[in-house]
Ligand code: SIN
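Only one chain comes next, encoded as structure tokens, the form predicted alone.
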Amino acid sequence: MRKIDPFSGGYGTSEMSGRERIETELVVVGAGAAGLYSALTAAGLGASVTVISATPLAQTASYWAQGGLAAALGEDDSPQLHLADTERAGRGLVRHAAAEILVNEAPQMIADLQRIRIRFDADSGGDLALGLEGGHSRRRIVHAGGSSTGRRLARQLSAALVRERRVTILEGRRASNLWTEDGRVVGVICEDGLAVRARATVIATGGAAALWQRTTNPPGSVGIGIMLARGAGAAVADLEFVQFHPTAVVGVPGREGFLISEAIRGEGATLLGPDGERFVDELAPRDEVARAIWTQIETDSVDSVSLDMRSVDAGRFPSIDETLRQSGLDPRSDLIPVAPAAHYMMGGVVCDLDGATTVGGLYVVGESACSGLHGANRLASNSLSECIVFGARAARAALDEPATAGGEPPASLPLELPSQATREAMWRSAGLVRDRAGLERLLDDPYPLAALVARCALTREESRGSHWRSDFPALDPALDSMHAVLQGSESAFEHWQ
């Protein structure tokens, strides 16, 4: 593994026309779980890999993931039950073929991760401890360190990648645009002009939930990878579907939006309204729980509801326990003020079951991707499993792309980033409840992705999953399995099976 210092000026690369350039077989943009596992898989197959990461390794959005990995491992469970739960949560929009791949390959995925030294939580008998989360009919969530699963997964995958001789890591570099020739993507251009040419390119930059003012995501999650792919001509879809996590902390300075894992509700925590009474099935799918909380907040003119986790062994979730205590809240005695926050995008760059996009040479994995797996509402903890299962599939498929002759790389382009005004507008007009008037105002927003979200949301004249239109409150059965796809300036519904 070569770890490049962006300030050293040396890359061991060729220079053409005074520009630094790297030649590699696979370039991966993003170093979250999906990107790391794609890179590891490709390196394991003997390919040279370059990873571009805007942050140091193990500090991506995956690092903060509190959920676990969903896999049917229990004696009372099966991939078929996992599939049924995924499709039920997805509200008639889950692509059956994608979900079948996930649930069938997830058990082997856990074994593969254990082989690269990822230690999962065990019960008193030494077997994997399986947790329960919203929308799941069985205990099937595998954790590492309780609510520290993302942290441990990112660290171990990063450590495994560092041991690979065939991998070059460019930390502190940002991709500014994709390198295209004859309608194909042949590499990546970084902000500083560095050009990386590759047989195939994998986008794994995460989602865009930080486009919303109130979010559980780090500030960089603003859909940069989605816009890179669209700039190269790739289709995007389902951008109207952003999942709002029901239980993000409210009113705590420095911890606003801190996510409290659904696993805590799986262990018995309850949600209480201003009257101190429960008002929702805490383990219903996330869209249902989030809307129930939003209704309570609107009806009672309050800022939050209360999460009562006093009956839960907080020691099982050390990172949450520590963070709350540092914020002056004791989960053993205090009610925790929570409300929904933008958390996860189900939409993204259109791809097939191997991550291939509508543009040759370009692949996408993780939250940047839209294979139809999550439908209108992601089932809890399917996303980390998706990163591993589909990250491996994309790497294998990408290495079958043909090599291309080298031409001159294009210049880097300035990255567009959203303003605070855009984030406020997204929360106001594309939040848990939307209508035509608000969405039409977003069409003029200067950040392109905000306008694309609005276009998809205007196209879908119904309420389904995480997309709730007050002017179209009913679900339209005619839109089952229909996905709002944007290709260039054209938009249309497509039926995915």
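Heads up: residue numbers just count along the shown sequence, starting at 1. These figures come from a predicted structure and were not determined experimentally.
If you look for the form predicted together with this ligand, you will not find it shown, but the lines that follow are about it.
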Query - Check all three, Glu133, Arg378 and Ser381, heavy atom within 4.5 Å of this ligand in the predicted complex - result: yes
Query raised in the report: Looking at Val312, Cys190, Leu259, Ile297, which has any heavy atom no more than 4.5 Å from this ligand in the predicted complex?
Result: Leu259
Query raised in the report: How about Gly465: is it within 4.5 Å of this ligand in the predicted complex, going by heavy atoms?
Result: no
Requested in this report: Using a 4.5 Å heavy atom cut-off, state whether His343 contacts this ligand in the predicted complex.
Outcome: yes
Query raised in the report: Would Arg286 count as a contact of this ligand in the predicted complex, using a 4.5 angstroms cut-off between non-hydrogen atoms?
Result: yes
Query raised in the report: With the cut-off set at 4.5 Å between non-hydrogen atoms, does His82 touch this ligand in the predicted complex?
Result: no
**Report entry** One stretch from 326-334, 259-267, 367-375, 99-107 that, in the predicted complex, holds residues within 4.5 Å of this ligand by heavy atom
**Finding:** 259-267
Report task. Would you mind checking 71-102 for residues with a heavy atom within 4.5 Å of this ligand in the predicted complex? Result -> none
